[in-house]
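Below you'll find only one chain, the form predicted on its own, shown as structure tokens.
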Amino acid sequence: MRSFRIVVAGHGDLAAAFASAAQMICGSIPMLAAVGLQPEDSPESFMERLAAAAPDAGEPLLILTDLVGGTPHNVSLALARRRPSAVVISGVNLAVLMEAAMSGDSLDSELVARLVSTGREAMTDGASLVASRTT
């Protein structure tokens, strides 16, 4: 069983949609939360909700954000600076979330590298993929 909490952080309803899609495929995912940045949020209010999604500051925490440089990413980095057991990966896709959710590994540099690799490998040019299968 996975020993770390996952929080998906993103703009609008994207984080909740990622969590919902992953659970549709994987079934119930324990220790998973989604926090969406809403138009009325300030960075401070978003930080409060992000921290509330992972209340145990000593618990290993993986934060997956939607966009490098966006408010969810920047606020997540600020939270991670205060929590040595937190890791932030930005540019999340469904493959990364599912790999993290199904992982039995501890949250260490090897898992982080594997998750980043999974995200890159999940990206493909569909037209090229189809063309390679017809030749």
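Computed from a predicted model, the values in this text were never measured in an experiment. Start at 1 and count along the sequence shown; that's the residue number.
If you look for the form predicted together with another copy of the chain, you will not find it shown, but the lines that follow are about it.
Checked against another copy of the chain in the model of the complex, the residues A33, M47, L107, I89 give one hit for a heavy atom within 4.5 Å, which is I89. Note on contacts: among M102, A57, V68, A78, the single residue with a heavy atom within 4.5 Å of another copy of the chain in the model of the complex is V68. Not displayed here, another copy of the chain is kept clear of L61 by more than 4.5 Å at the level of heavy atoms in the model of the complex.
Taking non-hydrogen atoms only, L14 approaches another copy of the chain to within 4.5 angstroms in the model of the complex.
For the chain shown alone, P39 is a contact residue for another copy of the chain in the model of the complex, at least one non-hydrogen atom being within 4.5 angstroms. Taking non-hydrogen atoms only, S85 never approaches another copy of the chain to within 4.5 angstroms in the model of the complex. Residues V88, I89, S90, G91, V92, N93, L94, A95, V96, M98, V112 are the ones in 88 to 113 with at least one heavy atom within 4.5 Å of another copy of the chain in the model of the complex, listed in sequence order.
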